[in-house]
Every structure is written in structure tokens, then in C-alpha cells.
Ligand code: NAP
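In C-alpha cells, the next block holds one chain alone, the form predicted on its own.
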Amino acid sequence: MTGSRLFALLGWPVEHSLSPAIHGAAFRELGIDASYVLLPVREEELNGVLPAVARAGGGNITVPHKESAARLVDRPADDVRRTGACNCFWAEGDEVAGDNTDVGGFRAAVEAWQEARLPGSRILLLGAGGAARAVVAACRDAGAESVEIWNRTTRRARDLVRSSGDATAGSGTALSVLESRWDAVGSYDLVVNATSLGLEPDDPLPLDLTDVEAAAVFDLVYGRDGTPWTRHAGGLGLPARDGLEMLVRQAGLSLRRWLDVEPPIGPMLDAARSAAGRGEG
């Protein structure tokens, strides 16, 4: 494809997203004639919009459409099949291809963090939605020892374990469901929040960290000064990170899918921090 390319984030809502700033920084750094826009799309519109945007360049999918997109793409990558969610798409000939870059984005964000690790680790995962499925896949790929899942709806957590058990990669990772958060006992190398708690200012904490023994805390939610949960962790002296770097890392993987380029992670991180009101790191 020659000339200016158009990429878009499809979701409902999307106005809060930092993705235009992140991808804009990447396009400038790489000298690529492209733009990235926010496109609010309702569920019933997705089937028509997805192929049109794919032909223009490609894009990303955010809540609440990731699972629907996984069913709509013609060529789902392995991580789409494993998680049942698609957050990245592009055109291959007349067909729409899709991937789940949240899997690699989470793994890369943890690997870039000195205070945390995935190989051989014991992980407590909060949540059982699409984001949690990506975390489970990443933990299995990295060779985590175990992932214990707590979700307010136990049935959904069991469904996650059941569907994840079909995957072949990282099959040595033990997956289990906690019937109650009080069943989280012992010490964890990493506690991960993959719920939406923290998006709204009056949300309760995903978990009171005084109830568990944790070495590090990772919140997939992000905010200007971290999140209430990462600040709660910091008050207890625990190393904690929010989801900003994961957002950037998955964006970098999306760039690779669309354009076959090496993503400029440094400038992308600086742009994300600036757009989030943190200033450049």
C-alpha cells in the first residue's frame, strides 16, 4: 500500500485512549506517512467497519469488542484462538487477519521490570475476562509455575481454566480457581489485577494487599499517578506498576504486524507518559 495509511482504534467508548499519541510518536520516529484515529463503534457496526479499516491500514480493538472481533477475523493468529480475543487487525489480500498483542505486551512489560519475573513464578490473577486470558497465555508461554485465579463469578474463572487447558504452549503451568479471595494463601511472586476495578475513581480496590503475601504487584489499569491499587501497594512497600508500559508494548507489537518494523519503544513510552500527564520518563 502506498501513500498515507490510516489506522484506528475501534471500541465503545474510545475517547480516553492514549493510542493516538503512542502511535503518532512511532510514525514520526520511523518517518511513516500514517495517522491513528479513535473510532467509536457499536457492536452491530463492527462487522462492517472492521474490513474497511483493515483495507485502509489496520487497527486495534478495545473493550467491549475484543471477543466479537475474534469471531469476525478471517485469519486469527494462534493467540486469538488461545484467548478468544482479538485486539489487533490488518488486511491480508481480501481477508482480515487478527492477533492478540496483549499476550506479548504483558510478557514484555514484566520482562522489562527488574522487580518481577514470570519464569518459575507463583502468580495470583484477579479477573477472568479477556485481559485475564491474555495474562494466562503469557504466563504459560514464559513458564510460570502456577496461576491461581480469583474472580467474583467463579464459573467464569472455571471457564477460563477449561479453555486455557486446551492450549499446548506452556502446558507445565498449573492453573487453578480460588473459590474465595480468602483462599489465596502463601506467598506470590506477582499479583496481577486484570479486572476493570480502578477505571472509576470510586471503585473499590481489587484486593487488599494486606490479605496476601506478595513480592510485586501489576495493575493492567493505568492512570496519571498510577492507580489507587498501585498506590496502595506502594504504601505497603511493595514494588508496583500499572498497565501503561503494557499498553505501549502491545502497541509496538501491533506496529510489527501492520508494517513489519521494529517499534521505537522509547519514544512511544515517552509519548504515553506525556499524554497520561506524567511527563517524559
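When you see a residue number, it is the position in the sequence shown, counting from 1. Small disclaimer: the values here were computed from a predicted structure and weren't measured.
What follows is about the form predicted together with the named molecule, which we do not show.
In terms of contact with the named molecule in the model of the complex, the residue from 233, 53, 221, 214 that brings a heavy atom within 4.5 Å is 221. The listed set 180, 210, 187, 153 contains one residue whose heavy atoms approach the named molecule in the model of the complex to within 4.5 Å, identified as 153. Within 4.5 Å of the named molecule in the model of the complex, a heavy atom is found for none of 84, 139 and 163. Proximity of residue 108 to the named molecule in the model of the complex falls outside the 4.5 Å heavy atom cutoff. The named molecule in the model of the complex is not approached by residue 143, whose heavy atoms all lie more than 4.5 angstroms from it. Shown alone here, residue 131 lies within 4.5 Å of the named molecule in the model of the complex, counting heavy atoms only. In the model of the complex, at least one heavy atom of residue 199 sits within 4.5 Å of the named molecule. The stretch in contact with the named molecule in the model of the complex, judged by heavy atoms within 4.5 Å, is 239-247, chosen from 22-30, 239-247, 225-233, 38-46.
Contacts with the named molecule in the model of the complex, taken as any heavy atom within 4.5 Å, map to no residue of 30-57.
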